[in-house]
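Just one chain follows, in the form predicted alone, and it is written as structure tokens.
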């Protein structure tokens, strides 16, 4: 197996096992076994499990952003941009359930607390299209004047819940229902 293939197998195995069993239920030895590599091989690519967990999240985020930004037009009205981003994100998650389950676990863990703190306090580099949209929406008085953390919760809390419920089979999200769901999220934050 080539070097990059081994790394890819480790990342894929970590994604699957963490999505299935959580961070604590997926020890490095189990990840190595699933990846078909020796336990020591993982440490050639990742200093420790924390680095692997954070790197996997960063890679998922790098896959998500081009998808949600495809067709995104910053010159369009704020509502249209919000609907575009919400729809693209929800579709991505229902089409990639393992990644969704990983992201959900990440955000509900101490790893996610550090990530969210940095994102909400503006200490993170990278794509902050949501933050920029919310700040613009508030400044133009198109969105409710609420703290950024509340706007994120009102927008993405419901979105994540319906994505989870779709993946679990509690609801079948078809395009019309996705559109109505994102519109309802918009209704929660618009003035």
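Numbering follows the first chain given and starts at 1. Since we're looking at a predicted model, the values are computed, not measured.
The following text describes the form predicted in complex with the DNA, which does not appear among the structures shown.
Asks: At the 4.5 Å heavy atom threshold, is residue 157 in contact with the DNA in the predicted bound form?
Replies: Looking in the predicted bound form, residue contacts with the DNA do not include residue 157, since no heavy atom lies within 4.5 Å.
Asks: Quick one: is residue 152 in contact with the DNA in the predicted bound form, heavy atoms, 4.5 Å cut-off?
Replies: Heavy-atom contact with the DNA at 4.5 Å: absent for residue 152.
Asks: Is there a heavy atom of residue 54 lying 4.5 Å or less from a heavy atom of the DNA in the predicted bound form?
Replies: The answer is no: residue 54 has no heavy atom within 4.5 Å of the DNA.
Asks: Just to confirm, residue 146 within 4.5 Å of the DNA in the predicted bound form by heavy atoms?
Replies: No.
Asks: Of the options 28, 129, 142, 67, which one has a non-hydrogen atom that comes within 4.5 Å of the DNA in the predicted bound form?
Replies: The residue from 28, 129, 142, 67 that makes the contact is 28.
Asks: Can you confirm whether 74, 79 and 84, the three residues that make up this candidate site, all sit within 4.5 Å of the DNA in the predicted bound form, judged by heavy atoms?
Replies: No, the whole trio is out of contact, none within 4.5 Å by any heavy atom.
Asks: Can you check 56 to 64, 159 to 167, 36 to 44, 131 to 139 and let me know which stretch has heavy atoms within 4.5 Å of the DNA in the predicted bound form?
Replies: Checking each option against the 4.5 Å cut-off leaves 36 to 44.
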